[in-house]
Each structure stands twice: as C-alpha cells, then as structure tokens.
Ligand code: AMP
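In structure tokens, one chain follows: the form predicted alone.
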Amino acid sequence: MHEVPLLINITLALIVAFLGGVTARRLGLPTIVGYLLAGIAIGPFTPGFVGDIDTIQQLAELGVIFLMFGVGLHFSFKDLWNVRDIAIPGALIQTAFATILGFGLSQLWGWTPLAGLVLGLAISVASTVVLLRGLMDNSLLNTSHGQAAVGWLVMEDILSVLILILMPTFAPSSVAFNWQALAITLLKSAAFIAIMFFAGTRLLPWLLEKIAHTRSRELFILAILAITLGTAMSASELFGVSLALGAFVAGAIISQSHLSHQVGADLFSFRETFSVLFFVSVGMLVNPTFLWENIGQVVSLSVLVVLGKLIIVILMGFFFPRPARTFLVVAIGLSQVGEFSFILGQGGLSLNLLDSNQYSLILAAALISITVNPFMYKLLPWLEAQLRRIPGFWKKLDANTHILEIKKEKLVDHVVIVGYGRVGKHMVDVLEKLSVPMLVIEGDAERITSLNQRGIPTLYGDASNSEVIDHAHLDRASVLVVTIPDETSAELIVTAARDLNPDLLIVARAATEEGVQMLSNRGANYTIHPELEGGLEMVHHTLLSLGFPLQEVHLYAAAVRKDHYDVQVNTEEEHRLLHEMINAMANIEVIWLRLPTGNPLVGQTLAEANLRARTGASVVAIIRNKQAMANPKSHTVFEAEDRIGFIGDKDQIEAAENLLAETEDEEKTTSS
C-alpha cells in the first residue's frame, strides 16, 4: 500500500474537526471551539495520533486566504459609514486601550516589548464569525445596536489589515528600527491596492461576467478560485505584502459586482473546509501542559479579553451620543478574540516576534473567550439591571442621548411608535396621511434627522431605557406601537408602559412564538408575529376567495390573534365562528355587479328600481368614482358604471345578474 501522508492528515484532521464541531454545537458553543479542541487532540503535545503540523499548516494557508477573501467579500463601507459616529472613533480607541493593557500585562510577565505589542494587538480585535453568530442568535443583528457592532467590527477589520501590512517591519533586527523599510512596505501596499482598485475593479467583474455567460458552473467556480489564489500570490510575490491582504482586496473588489452573492455561495464550501483546517492547525500549536503550568497567565489574559474589553467599551458610552444599551451590546459582542488574532499571532510566530508558548497563551484566551461569549448575551438584561442600580451611573452613561423635551400640549391622544425600521416607517406614513398625532422613539441619529425634517415629533434614544420613555407622555397617549424586533427590549418597554399607563392600548411585535405569549403576559393588548401574521393573512384571503362572508372571516382572524396565533381550532369561539361561516356559506352569497351604460336602471332611484321585490336580493352598498356608499338611501339614483353590492342566496343573486345584464331594447321587447 502506498503511503499518502497528505491525504491521511487531511482525512484525520477533518474527522476530528467534525467530531469536535458536533460536540460543540450539542453544548451550545460555536463550532470554532470544537475545531480548536480537535487540533489540540491531534497536536504534538497530546497522546495518540500526531498530525503532521507542517503539512496541515500549509493547507491552513488556504484557510487564511479564503477567510480574508470572505471578509473582503462581505466588507461594506456602507455599514461603516452608517454608524461612523461611533464605529470609527470607538474602534480606534478600544483597540488602543486593549493593546496597551495587553502590552502592560506582558511586561509584568517579562516578555519582550515586541512580543507584548503583538499580544496587545492580537487581543484587541474580535472574531467576525463569532460576533455575527451571536447577534443573529439573539435577534440583534438588524437592530441599531447590532448595526453599530457590525460597523465597529468593519473598522477593526481595516485596522487588522493595516497591522498585517506593518508587522514585517517589526521583525527583530540588529540595527535600529528601519524607517526606510517601513516606508517601502507602505508604498508597495499602496501601489498594490491602487492597481487593484483602478484596474481590478474593471477587469475582475468583467471577467466573472464573461464566464457567467458561458453557463458553465465549473468554469465559474474555477475562475473564482483562480482570482482568489492568483491575487493573493501576486500580492505576496510581486509586491511583498501578505497573502491575507491580497485575498482581502480581491474580495472587496468582487463585492462590487452584482455576481458577488453567487461568488460567495460558490466559494462557501471551499472557505468553510479550509477554514476548518486553519482552526485545527491553530489548535495543534497549543501545549496543554504549558497552559496548565501557567494557569495564572491563562486566566488573567482571558479575564482581560472578556472583562477588560467589556469595561473599556461600556465606559466609552460616557463620551458618545448613543443609547447605553448600544454600548452594552457592542461590549458583549466584542469581548472575544478569534480568527484575526490567530492570523496576527501566526504572523508574529513566523517573524520570530513570539515563541510557541506565548502563542499558546493567545490561543487559550481565544478558546476561553469564544466559549464564554454566547452565554454573555444571556446576561444582557441582568447586566443592564445591575448597572441601573449604581447611583447615577446609568443616568451618566445614557446622558449623551440628548432626550428632547416634547411640548405636552401638542401631544393629546397621540400614538407612540417605538422604532423607525421598515415596520415603523410604514406605520408613520399611514398615520401622517390620516393626520393622527404621533411621537416616534428611535435610536438611529440619521432616522431622527429624517423624521424631524418631516415635522414629526421624536425622541432620540433607547425606549427600553425608562429615562427616555418617561418623556413620551404615555399618560396622554391613545396607543403604543412597539415595532422593534428585539424581544428583550420590547419586554422592558411594554412592562414600563403598562406601569406608566395601566389603560394604554399596546400593540407589540414579537420575533418568536414564545415572545408572543411573553409580551402578552407583560401587558400587550395585541402581539403581532410577522411570520405567523403572514400565514393568517393567507388563510384570510383564501376564505374570502372561496366566498365566505367578509365579516365572519374578520371575526375568525381576530379570534386566532386573540388566541396568540394558535392554529389549532381548540377554543369555543373559534368553533362557533367556523360553524357560522359554514352556515353563512350554505345560505347566503355576496357579490358585486357592474351597472352597464345601456341598462334601464340607470337614472332610476333605488325605490323606483324596487330590486328587492324583483330579485329578492338586497342592495347593501354602491361604489361610485372609487367612493363607497354603504346602505344607500331609497332616493339614491343609479348611475352608469356603478358597482352594486348585492346580498342574497344563489337564486336571488342570479336574478340580479340577469336584471343588470338587460339593455333598454331588451326591456321594451319583454314588456311588449
């Protein structure tokens, strides 16, 4: 049998990674934790099979390239620009302070300054994968808080790329720091980026477009791989910059193409597979014995990552005009380190800035922080409650939200709308058309500006903060509409509103079926679940299209909503309404008929036409010039092209149809 060491190493690495990933998911942890533990299991520092670390690390280089290409592909200056007021200065300040703390801790351990600098930089950046997964799992990604965290992370990605560019200039040298080498590195990087963004933005999307027209899926995938790896290698060989930077720039350029989503989908399998090998290779470098012997350093570095970064971000809330809750979400999301830390650490290892034991400490802190991070989101309500108890702390933390005093006399029987997303915007547009007084509470500064330009009263801040909602004059409001998808915030808002006005009508939005019941228990009169509401609306339209009476269908839908969208027909009211619909369907029918120009009824009054006596059907409404007249009077005169609503059984409706189909000539023939 031929020895195939490459195939053996790939096979075993993927098998143990699969087992580790499954175990991690069963425990409710990110799969990255399982991959890292799998690497430790087949590493040289644990008993049993030992993988060829050089072989796996070469494959892991592909993982770095595909990871950075994916970061570039999903990189969005728009996301960053939308939250530039907090993301750009926030990321810069947080990175600086975290780096300083990490550097200071390393000096207490006796590390070299360069090793301490790499450590500080490595723990200052968070994992994109872990952050996005945490925000999605906790329904925070599409909130203003989640968007701020994503923009913050985009800025950290930019900083990480810059660090990767500059890191080779930090390499140990027998002479003083070489400023000329630094300048050359920056010039080469700038030249590469300029060439790619001026020439690449035209060439690469054009090439993908041409390949797409061949209708060959394999050629399209091959083109993506060639572009990704070719750009990364060209960046390294021709410009002397890292493979990671080349892959990032290639992804950022292709993201501008309308084919970017297809590129991401086709590259997904390659990225995930080689990324797994990258994380396994990282785990193989961890020496559990060394970590156990230096458990104090492991714990202190992990505490710095989890709690140190958390505290830094929360305290920054004193200086930025954002709700306190935004900083809590950002702080929890960024209190971990991941793939960029591994890449920076490996760069330091290859440049002899770190030794393997020092790198193991970074990996251990990453492993612990990634493991802990999902549970920290569960502590968000508790953390907020504890901070509120500190005298004056929460008030100062939320002081920069600039709560505006609304003139009380201008808000009487008004509608308070929390959130100006897609749902909130539609609500505002409708109420504005109807001239209904309203007040909007929103945590996005740009949306507040847009509303103020329309002359709509607003409050800037987090409505789950009682300091904000106290200014909404809920004691004088007619309705509170909570449109935000974050159920935790919605729960706090509904609870506070019910305390402020026990008689207030509250309409709330739920993101889950459990949330429907929870918000109802907190005091919401009507809880809307968009997905379940869509299903109910489909039932509603289906019943109407089958001819069931409108009023009965409305009543049935209202009963289902009252029963919190329980689709099982298990309440007495639902049984009764369904039976009434069946009975009504069997005995009565409603239909709209058009009155043609030549019909004898044109010009006659309702009394003169005497339709009830002639057909047995009753006229219940007339639509004329898009205006509806319900229960028209006996002196109402029929006009051509009226749409007349008749109610009656099948035979009566048929008689009405025949009557309205007649012309004047037919009537004369019939009468003669």
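Position 1 is the first residue in the sequence shown; the rest follow in order. Source: prediction; values computed, not measured.
The same protein also has a form predicted in complex with the ligand, omitted here; what follows describes it.
Screening 337-345, 308-316, 483-491, 225-233 for residues having heavy atoms within 4.5 Å of the ligand in the model of the complex returns a single hit, 483-491.
The single contact residue among V282, A463, A244, A497, judged by any heavy atom lying within 4.5 Å of the ligand in the model of the complex, is A463.
None of P600, G421, P205, G264 but one reaches within 4.5 angstroms of the ligand in the model of the complex through a heavy atom, and that residue is G421. Put simply, I254 is far from the ligand in the model of the complex: not one heavy atom of it is within 4.5 Å.
In the model of the complex, no heavy atom of R388 sits within 4.5 Å of the ligand.
Of the heavy atoms in R447, some are within 4.5 Å of the ligand in the model of the complex. Among residues of the shown chain, S124 is not one whose heavy atoms approach the ligand to within 4.5 Å in the model of the complex.
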